[in-house]
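One chain is shown next in structure tokens, namely the form predicted on its own.
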């Protein structure tokens, strides 16, 4: 079957509320604008690509791009918000989930990346509650199935109308032969703590459950009658606003980053993505600030989205998504940092000196989220430290997060560790990247963090901060051979290997979603029972019944 995304225009991820086609973001006066209302009203013919219709509030990537943008704008542009409510703009249907016809017309690569992006967005919603004190409520005035229920379960609370027809369901296993793609199974048992046997039945029922049973099983929090539905929603929202820990802070307008997109990559003010299609290698370079950056919350508020800490990491986020969706053949990435390391240390100082300030915390959360997207990049990441490098402080996190680090053994080459690596930006495991790097020997992490000056190649090698340290004679050949070897290996095996090795340490709900769920879904999406000619996903909506190979592994 042809891929609906093949040979189509590149996917772009920047948007803004005035350009939304599927969501409406507003702030009802009855809640004194302390509640952000996100209304899902998907336009049937407004999909990212032609060839499918987004009926019943089903969604594709374009819908989730808008949602991710809306959540960012709530956090930065609307500091008065204390709670979010999700509602449907259609009667008796909240959302039918990810559009099945879109999935059926998409390549394996696109399906996996689509699921990854929706996972990241829903985790972002949960992080808003945990980090910023902005809780969320799913007000289900109709059926929420599949990804529609997975959006609901990412919220803190769920209210389902008991109107005789509205239900919640995860029908992927019985109807499509795949798994819920956005963490639904994990959240059922790990987050909502639904009993395993109930979760088993719920995940096997295509029609889902309604009303009283949905409450008894714990898959929703409340199921009032249709007449009492709005009152129940209002009471919960007022309670959320009342217990919110969010603090008053200045608003920052998220101005466009205006990437210069072209066939061989993208250039932004501080970030450059360059793609060498012949080598199947990309170069991802982030540049340090040129001038003095804000040192106080007032200065940060005045500079807003143009502050290096905000703009550079928004640019990096866009570049990572550009790479993920638009350059599927890239095998490995050269990760570089250029400029003046001292400028990074000056810019990042506000994150420590004013860590308790609510605006500074929001910027910290933004950087944390982008670094997690970097961790989830399904490409080999090799950091290159040479005489032009500025892997200092915050930018050294990119080297620590890489799969390997090559450091030139020559005069004038150095890196710099700062308090930024001490845990301000934890990975999905809740470990810092330096803790993950030295997981078998925590004392070496402490020793490295105690370094207060520039670290040359010999000292970096002694500390164990880098992988290889070729001299000037061997540098070019060794680096070239490393990338050539990487590009020759199976991309499937590399993706699995890197995901296993990067998330060393404790398992969390987040690592289960990006490790266990993603790995199984990656496999299932390629199996004939799901996507073969007679597979359940392939034949969805057609009169033929799927034919399964009933062999169990």
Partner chain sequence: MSNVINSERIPNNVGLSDDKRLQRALEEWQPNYLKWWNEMGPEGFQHDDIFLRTAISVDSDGWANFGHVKMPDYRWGIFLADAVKERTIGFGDNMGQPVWQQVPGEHRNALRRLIVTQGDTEPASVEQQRLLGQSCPSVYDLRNLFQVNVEEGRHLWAMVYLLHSYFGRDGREEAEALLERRSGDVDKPRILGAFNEPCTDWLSFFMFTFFTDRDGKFQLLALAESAFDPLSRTTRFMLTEEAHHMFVGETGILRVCDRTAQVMKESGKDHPDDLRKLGVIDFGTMQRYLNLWYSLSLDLFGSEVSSNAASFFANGLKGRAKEEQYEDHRALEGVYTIDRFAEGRWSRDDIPLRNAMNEVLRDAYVDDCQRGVDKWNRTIASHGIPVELKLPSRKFHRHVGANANLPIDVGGNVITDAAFVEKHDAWLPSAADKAFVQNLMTAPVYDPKQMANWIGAPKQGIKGRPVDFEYVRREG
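No experiment lies behind these values; they were computed from the predicted model shown. Residue numbers count along the first chain shown, from 1.
Unshown form predicted together with its partner chain; subsequent notes refer to it.
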* Pick from 236-244, 255-263, 308-316, 472-480: which stretch has a heavy atom within 4.5 Å of its partner chain in the predicted complex? -> 472-480
* Structure fact -> Partner-free chain; cross-checking its partner chain in the predicted complex, the single residue of 484, 26, 41, 44 with a heavy atom within 4.5 Å is 484
* Indicate whether residue 488 is a 4.5 Å heavy atom neighbour of its partner chain in the predicted complex. => yes
